[in-house]
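So this first bit is one chain, no partners, the form predicted alone, shown in structure tokens.
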């Protein structure tokens, strides 16, 4: 298995994202071109994409994308899935043979729904049911890894430069209203197919440039609620934090961001708005283990929108642009201008300042925001 070398470049990695706020779908050519421009930020040990709106014919089913080391573990996992899920359709994810991708696992996708009897027996919500059995596969089935599990969305990732991964999965054949992408330069963890970004759970996806120094604290916090962090990378925990705080604890996205990228205590104390000051003190006290420390910039994808966010003192770059109904996010301005050379507006958000972009239809009932 390919691993990173002895050279450590903590400023590496690249991220990019595009969303059309009208919900209009477009193919993966532009996102591949954008992330490919930042080739030097990667080292060929990880690249990947998340795409939303790509499975309209199966939009009511959970799309499970799974890596398998061999056919034996696939057979075991198939038996497990058939026990707990109705499988509407399954197939090998189409790929293209290219010289840059030398080794690959078995890559399969399933469109599933929980068996009604099983769902009633567990007394779990539909999403908690999916969550439970994904965690079981990733924990107990050595050689099987569910790397995508949302409805009408999917992740496509692997060991390679991102532009090669995009060609390998033939992303020009998919149409999505939102794309995110990542080029990886592993620093503290191995380069392997499961360790490539995006990291996903249900409809959440995360691409990340940086390093989470609070990983052990964050990991222990999410593991209290049944999450299993076993993917040999710090980024996994960010995905679980968003899922835990929004889906399970019912915090709004804005409140979740205030917990994950909390203002400094001095800044809170200096606030004139006493109500907001007290709310932020409460969030910092209750959710202190959810605070992410270290240099980072991330793009969070979810059904209905995208979040762009960097650390409180902006140790990693993040650029935003708008053109008509599209919003672009990237590590570098050049990666935006290669696909949108004259945006209506382009700017770099402040450290810890979230940029939340919603689909127009989401804004009509955006209670989760």
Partner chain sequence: MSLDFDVPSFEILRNKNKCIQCKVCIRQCANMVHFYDKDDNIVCSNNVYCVNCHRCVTLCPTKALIVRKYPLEFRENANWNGAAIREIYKQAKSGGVLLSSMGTTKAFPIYWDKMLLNASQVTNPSIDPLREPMETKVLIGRKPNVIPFDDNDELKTTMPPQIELNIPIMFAGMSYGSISKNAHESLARAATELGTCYNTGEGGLHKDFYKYGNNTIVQVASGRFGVHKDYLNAGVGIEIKIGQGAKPGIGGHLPGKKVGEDVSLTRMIPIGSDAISPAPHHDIYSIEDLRQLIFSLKETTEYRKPIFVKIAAVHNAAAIASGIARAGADAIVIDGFRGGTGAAPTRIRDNVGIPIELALASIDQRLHEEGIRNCVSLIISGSIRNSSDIVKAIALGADAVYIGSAALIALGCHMCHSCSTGKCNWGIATQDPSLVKRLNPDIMYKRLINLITAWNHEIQEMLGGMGINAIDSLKGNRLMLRGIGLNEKELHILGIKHAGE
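In this text the structure is predicted, and so the values were computed from the model without any measurement. Residue numbers count along the first chain shown, from 1.
Note that the form predicted together with the partner chain isn't included here; everything after this is about it.
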query	finding
Contact at 69, 84 and 128 by the partner chain in the model of the complex, all three, heavy atom at most 4.5 Å	no
Of 286, 102, 117, 270, the one that lies within 4.5 Å of the partner chain in the model of the complex (heavy atoms)	286
Listed residue that, although the partner chain is not shown, lies within 4.5 Å of it in the model of the complex (heavy atoms), from 254, 139, 96, 123	254
4.5 Å heavy atom contact, residue 167 and the partner chain in the model of the complex	no
Heavy atom of residue 75 within 4.5 Å of the partner chain in the model of the complex	no
Contact label in the model of the complex: residue 227 to the partner chain, heavy atom within 4.5 Å	no
Partner contact for residue 265 in the model of the complex: the partner chain, 4.5 angstroms, heavy atom	yes
Option from 305-313, 48-56, 321-329, 31-39 whose residues, in the model of the complex, bring a heavy atom within 4.5 Å of the partner chain	305-313
Stretch 60-80 - residues with a heavy atom within 4.5 Å of the partner chain in the model of the complex	none
